[in-house]
Ligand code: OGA
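Take a look at this single chain in C-alpha cells; it is the form predicted on its own.
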Amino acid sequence: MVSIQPLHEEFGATITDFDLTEPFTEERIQIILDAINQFSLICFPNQKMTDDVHIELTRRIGNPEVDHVRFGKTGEIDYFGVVGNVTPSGKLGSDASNTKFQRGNEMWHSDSSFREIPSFLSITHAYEVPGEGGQTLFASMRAAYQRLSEGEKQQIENLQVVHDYVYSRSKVAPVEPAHAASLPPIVNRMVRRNPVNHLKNFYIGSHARDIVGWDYNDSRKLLDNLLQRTTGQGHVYSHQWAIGDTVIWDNRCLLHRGGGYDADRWRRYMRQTRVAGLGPTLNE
C-alpha cells in the first residue's frame, strides 16, 4: 500500500512503497497527479531509475519539454538536462563552463517561466550527490499567496509580468547570442489558479523582470517584496538529496533554488526532464 508522509507544514510529501519502474497504469499516474495537486512536491526515495523509465513517466503525464539550453545553442532536440558538475567529457570543477552557468540555479526561480508555455512539472533523479551541500531549497507561492491580505490579493489579481531569461541569467554568466535569440521575453499572469483544486498562487522568481504598465522601480519593489515573503524563515523546505531520489515538483506554484556545493571536491550528477504546461498562462 502506498504511504504518503508530509515533508513540510506548507507543502511536500514523501511517497514510499511506490516503484517507478513498474508499469505506469492510469491509476498509478493518477496517484502521482493527485499528490502533486495536493502537496506540490513529492519525493520517491530508493528508485532504480533509468532514462527509459524517466522519459516514459514524463510522457505519460504530458508533453516532454525540450531542453532549452541545447536547443538554443545548437537546435538539437533533447528532453533531458543534467543538474550538476559532470559534463559529457567527465570534466569536473567550478571552472567548467556548464557548472558556472548553472550557478543561475542558485537564484529562486520556477523552471521555464520564461517560455511562452512554461513548465508544469520538473522530474529529477539523483545518481550521484555531494558529500556536503548540494541541497535544493523549495518555497510555495501558493502558501505565500494565502498569507496576503485581501487588499494585496486584489492589487495583484489582474497584473501581468514580463519574464526574461537573459535578464536573470546574465547576472551570473553571459548568454550566448543564439541561445538568447531563442528565448525572447514573454508575459505571464501574476496570479495563477490550480485547475483541479482552484487554489491560487502568484507567479514570480528570478526570471520575473517587471510588471506590464508599471515603472521598473515600482515593479521591482513589489516583486522583491513578494519573493522575500515567500522565502522567509519557516517557509522553506531544504531537500538533502540521496542517491536514488526521484523528486517531482509543480513549477506552477513552487519556487526552488540550488543550495550550492564545492564543485571542485564533489561529484553531482542528476538527470531531469520537464512536463510542459498546457498553454500560455495568459490563456488560463
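Keep in mind it's a predicted model, so treat the numbers as computed, not measured. Residue positions are given as counts along the sequence shown, with the first one as 1.
We do not show the form predicted in complex with this ligand, though everything after this point is about it.
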>> Within 4.5 Å of this ligand in the predicted complex - does that hold for a heavy atom of every one of R115, C253 and G277?
In response: no
> Taking the shortest heavy atom distance, is G258 within 4.5 Å of this ligand in the predicted complex?
Replying inline: yes
>> Can you tell me if I186 lies within 4.5 angstroms of this ligand in the predicted complex, counting non-hydrogen atoms only?
In response: no
>> Under a 4.5 Å heavy atom criterion, is V83 part of the interface with this ligand in the predicted complex?
In response: yes
> Should T136 be counted as a contact of this ligand in the predicted complex, where contact means heavy atoms within 4.5 Å?
Replying inline: yes
>> Only one of these stretches, 105 to 113, 177 to 185, 194 to 202, 150 to 158, has heavy atoms within 4.5 Å of this ligand in the predicted complex; which one is it?
In response: 105 to 113
